[in-house]
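The chain below stands alone and is given in structure tokens; this is the form predicted alone.
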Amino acid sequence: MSRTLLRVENLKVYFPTRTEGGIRRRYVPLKAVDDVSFTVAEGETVGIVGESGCGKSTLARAILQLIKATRGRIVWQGEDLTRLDRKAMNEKRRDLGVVFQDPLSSLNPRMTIGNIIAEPLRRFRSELSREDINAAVLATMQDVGLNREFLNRYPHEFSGGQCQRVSIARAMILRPKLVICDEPVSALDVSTRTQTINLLKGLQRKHGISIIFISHDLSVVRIVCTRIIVMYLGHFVEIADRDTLFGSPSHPYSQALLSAIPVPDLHSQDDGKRVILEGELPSPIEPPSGCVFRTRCPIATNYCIKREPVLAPRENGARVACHHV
């Protein structure tokens, strides 16, 4: 059995927001991530899916300690990252890589490709000589399918797919144990998207890394991930392995997301089986009482107003937060 690398426990990320009204201004929390828990095992790929604004990227940045958690624990190989000072956290960053959504904007336009990829080595491996760094950069470029002739070129000279390969090379140069991919293929065309997915899967097989893959595209998540977390308004509503989620989704929100996946043959799509969500995503400043999904849920009852559901295990191995499933 693979050992657990990352354990997130009861994590909350709230942002104070100022509201106008009455004589005094008051501050209310924007609940971006609200009491979530999950684990990532060695060599595992965990997907996090949900609509824009549900808290996926905030969760990723909290794990990396790019933003501070309000409450909860982020345990990396037995050590709580939320309790570390800056120096100690910087040491842990050697094992944590990240690939952002927009490949071009995440790269420094004034730096060459070689310097961009080498930057983590210069920061965390200062004992390496220039020759060692150059050798590591060239080896990593070969890993991600970049020609060595690109070494002294700048990001604006490359396509979006090539820039994302540079971002992946920068994330992999330190040989991390976990890479967080935040919408890494959403800005790419279909053919480039497939190449990037295959590249990530190949790097995982070669180096044994774990991946947290954040996306709103379930067709991509189905290819990449072994276990999937469905997130809604800062909460986890379902956690299941890939085959269980796509074969028999339990939560009404999961069912709606899956029914929205486009199919190649429009005539084969049965509109009667599609789940159409009504209404808008509620504000995380004033989330609904009880179940946060109840305002858009087709099976919600008065009971859903009073009590918040908890993630409970199901017979199929999934964990679902719904009173009526």
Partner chain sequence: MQDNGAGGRADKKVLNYALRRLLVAIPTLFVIITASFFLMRVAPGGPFDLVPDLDPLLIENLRKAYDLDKPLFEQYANYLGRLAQGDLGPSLVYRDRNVAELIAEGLPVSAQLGLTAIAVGLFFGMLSGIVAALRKNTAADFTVMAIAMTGVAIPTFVTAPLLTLFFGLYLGWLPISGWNGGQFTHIVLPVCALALPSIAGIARITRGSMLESLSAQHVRTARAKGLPESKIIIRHVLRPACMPVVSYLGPAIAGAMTGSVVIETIFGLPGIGRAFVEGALNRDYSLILGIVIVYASLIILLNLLADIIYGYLDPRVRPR
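Positions refer to the first chain, counted from 1. Being a predicted model, the structure only gives us computed values, none of them experimental.
What comes next is about the form predicted together with its partner chain, which does not appear here.
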item	value
Heavy atom contact within 4.5 Å of its partner chain in the model of the complex, the stretch among 237 to 245, 183 to 191, 197 to 205, 119 to 127	119 to 127
Interface membership of residue 77, its partner chain in the model of the complex, 4.5 Å heavy atom rule	no
Touches its partner chain in the model of the complex: residue 66 (any heavy atom, 4.5 Å)	yes
Exercise: residue 165 in contact with its partner chain in the model of the complex, heavy atom 4.5 Å	no
Distance check, residue 98 to its partner chain in the model of the complex, heavy atom within 4.5 Å	yes
Residue among 226, 90, 159, 219 with a heavy atom within 4.5 Å of its partner chain in the model of the complex	90
The unique member of 210, 106, 215, 140 whose heavy atoms fall within 4.5 Å of its partner chain in the model of the complex	106
